[in-house]
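One chain comes next, on its own, written as structure tokens: the form predicted on its own.
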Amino acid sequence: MHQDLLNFETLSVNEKARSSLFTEDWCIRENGTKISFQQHRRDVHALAATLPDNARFALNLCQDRYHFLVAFVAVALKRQTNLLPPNRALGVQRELIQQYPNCYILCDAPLADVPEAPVFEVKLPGKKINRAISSPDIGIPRDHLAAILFTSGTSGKPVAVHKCWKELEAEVQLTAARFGLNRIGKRHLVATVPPQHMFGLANSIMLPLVCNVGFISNRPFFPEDIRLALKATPGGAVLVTTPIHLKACINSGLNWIDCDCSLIISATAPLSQKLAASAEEQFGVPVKEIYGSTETGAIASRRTTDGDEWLFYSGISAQPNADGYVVSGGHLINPCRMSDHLQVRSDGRFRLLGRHSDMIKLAGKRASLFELNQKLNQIDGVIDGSFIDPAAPGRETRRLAAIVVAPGMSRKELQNALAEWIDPVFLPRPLLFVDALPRNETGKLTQQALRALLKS
């Protein structure tokens, strides 16, 4: 069974909506160049013709979103698998090349350090095609292993997660239906997350491929860059971002009302109701939050300002077992054990109670790092902060520490504020003040990075 991107069989829209994919501005490059969906298909075939026939894996390091998308589909068209690393560290690249023999590298800029593997730089023709010229088909088996992603490693070593084409495709169809992205009307995605991450892959790569959504190819980082990217969209922009980027936008003092943003979608870390309310006020649009993981993809959502309950995507449900909950249905090919504690209602709504690995027991009392972090970050004056268990894995927890970004606050002020919200046994000792937390590209914190900062 093949998924034929030429025929748009997956689009749940009418012919008028389908034809909008053939406009010249399906993708908008950073330099203002506009690319149609037809041109994309030709670029895929042109790149695929240059790739090795006998390889099994391609380490896709492309940073420009259009380059990544063309490379991603070209690799799948060759019946090969995209390796999507958790970061761009040279050591990670070398480890993946050793783990996955017969691998080559795809990039869109020269690499400073090159691991021992063939390197193919993605260079696409700048000349546009005539719209009247038909474009070649792109048929990909639906059960093809399209990508191997890796968990963020927040609580340990990253784990490989296999994703076939039909699972990626089905996930974004559910997302599009949940947020109304499959309705008629021009929309363009502006994403601050890398395409190698599950959230970025689904919501800035697969959404444009499968649904009626355009996209901006660059990845804006600073608030002014994000604002300019939103204003560059020809229709209602959809901002795909993280709490850390959203907080930077809110604190920037820039005007966001005139950006023609129609929706904000956030994921990768918990979004507080306070931050969501500020974003809705400044942007003038609803802020929606996606819940999921690399293993499951997106499985639920909520409008953060409506409360702390989540609603599963259509067809997805949770079943209790001895270790917590297992989710199944929807786009999930196999049931998946949840790493979070859930409180599930019969109507498909649920609350998050923290991760299994977050549970801390001190002096006979229990708490979760998830809840402690929520209390810490809701304190006025705290810009960012995280509790950490300094004990080595497998060792007994004797005390907690916290690392905080809170300029203008004294240690005593922060300790007194925390004492109003948490049990004294969980008050952090030591309490370390820093200029910034060591967050990765998607705003996540690893225990390894936090412990290293605490030791330093």
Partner chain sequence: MPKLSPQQLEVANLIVDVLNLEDVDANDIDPDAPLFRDGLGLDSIDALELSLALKQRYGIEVRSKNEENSRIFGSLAGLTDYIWRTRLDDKH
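Small disclaimer: the values here were computed from a predicted structure and weren't measured. Rigid core: the largest C-alpha set superposing within 1.5 Å between the two forms. Numbering follows the first chain given and starts at 1.
This next part talks about the form predicted in complex with the partner chain, which is not shown.
No residue in the set Val122, Leu124 and Ala237 has a non-hydrogen atom no more than 4.5 Å from the partner chain in the predicted complex. In terms of contact with the partner chain in the predicted complex, the residue from Thr50, Thr33, Asn416, Ser410 that brings a heavy atom within 4.5 Å is Asn416. Ser252 is the sole member of Ser252, Gln98, Gln319, Gln273 with a non-hydrogen atom within 4.5 Å of the partner chain in the predicted complex. Of the candidate stretches 340-348, 309-317, 244-252, 165-173, only 244-252 contains residues with a heavy atom within 4.5 Å of the partner chain in the predicted complex. Though the partner is left out of this view, Ile388 does not reach within 4.5 Å of the partner chain in the predicted complex, counting heavy atoms only. In the predicted complex, the partner chain sits beyond 4.5 Å of every heavy atom of Asp260. A residue is said to contact a partner when one of its heavy atoms sits within 4.5 Å of a partner heavy atom; Asp143 fails this definition for the partner chain in the predicted complex, lying far away. Among residues of the shown chain, Leu228 is one whose heavy atoms approach the partner chain to within 4.5 Å in the predicted complex.
Contacts with the partner chain in the predicted complex, taken as any heavy atom within 4.5 Å, map within 209-239 to Phe221, Phe222, Pro223, Glu224, Asp225, Leu228. When the rigid core is held fixed, the Cα atom of Pro424 travels 2 angstroms or more between this form and the one not shown. Once both forms are fitted on their rigid core, the CA atom of Arg411 lies 2 Å or more apart between this form and the one not shown.
Cα-Cα spacing of Pro428 to Thr268 is reduced in the predicted complex versus the present form (difference of at least 3 Å).
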